[in-house]
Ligand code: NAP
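A lone chain, given as structure tokens: the form predicted on its own.
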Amino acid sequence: MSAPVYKRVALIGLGLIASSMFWAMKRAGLSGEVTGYARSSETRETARRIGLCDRVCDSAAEAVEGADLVVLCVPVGAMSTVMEDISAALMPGATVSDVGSVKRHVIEAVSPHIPEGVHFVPAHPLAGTEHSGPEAGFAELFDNRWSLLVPVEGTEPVAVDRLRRLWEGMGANVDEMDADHHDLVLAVTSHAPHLIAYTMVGVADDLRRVTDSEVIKYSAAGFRDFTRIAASDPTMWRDVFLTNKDATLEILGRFTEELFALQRAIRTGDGEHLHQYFTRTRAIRRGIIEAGQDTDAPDFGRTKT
């Protein structure tokens, strides 16, 4: 077990990421105490029942009292409101962070509510599943995954280093990145792929010549993976697309151009273009496996149920 990095960590929002953070911190002894708060009383009761957090509070302000790290684990569209609620209760010298998958919007929403003497170090763990809620978390979620830190200008290096040690202690690889570059990278690697998955599942639903039972019964691996991605939390993803609009639209524009080129190759029977394109994209998949971010096992290593 590691020595505690923080005396008290407050998790605001108790979904998949917060739950996994709690179990990962407990696994490695990274925090003396972990408090938690969720807006829904039902979620708070679930957290208490499963032992999620050392203390579940009935207000966000109560949860952050005396915490030297506060992590906002709410949808990015809610972060400004949450920060207004907790700003006056933050301890001098504390660090505020988050786990949102959009960074420029979060910085603009949160920064005005950070009191003097409180550090703000936005972060984004690149880990998740299609499941959500407090019971979905598990300690191993961040193992060998990347967590990106996006410090705002003027942040003290000691606050960044301390947060880095927490994420590394939870099993993650850690890197730092500029907010705008982060949002563009994530538009490529996560946001646009999710939108495409939602669209493909929607197309199947709208295609009345293919029945619901056929879509379910004969789902091949490609469509099956689309449905896994498209099962992700709708509130979170609504906020992602509304708050990372420019980068997502830029990548979708590039995607549309590539799609038109492939349509033209199929229409004209240009097999050479298709083969070259698929060979190039196949190499990307090999690179992901070699980087340890997935496995080449059948069904991408996912356990069959």
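Note that residue numbering follows the sequence shown and begins at 1. As the structure is a prediction and not an experimental result, all values here were calculated from the model.
Not pictured, yet referred to below: the form predicted in complex with the ligand.
Asker: Even though the ligand is not shown here, does residue 124 get within 4.5 Å of it in the predicted complex, heavy atoms only?
Answerer: Yes, residue 124 sits close enough to the ligand in the predicted complex that at least one of its heavy atoms falls within 4.5 Å.
Asker: Just to confirm, residue 80 within 4.5 Å of the ligand in the predicted complex by heavy atoms?
Answerer: Judged by the heavy-atom cut-off of 4.5 Å, residue 80 is well away from the ligand in the predicted complex.
Asker: Consider residue 173 of the chain shown here, and say whether it contacts the ligand in the predicted complex, taking contact as heavy atoms within 4.5 Å.
Answerer: No, no contact at 4.5 Å.
Asker: Even though the ligand is not shown here, does residue 38 get within 4.5 Å of it in the predicted complex, heavy atoms only?
Answerer: Contact check for residue 38: yes, within 4.5 Å of the ligand in the predicted complex.
Asker: When the ligand is placed as it is in the predicted complex, which of 88-96, 155-163, 68-76, 196-204 ends up with heavy atoms within 4.5 Å of it?
Answerer: Residues of 68-76 come within 4.5 Å of the partner.
Asker: Can you list, in sequence order, the residues from 109-138 that come within 4.5 Å of the ligand in the predicted complex, counting heavy atoms only?
Answerer: Residues within 4.5 Å: 124, 125, 127, 128, 129, 132, 133.
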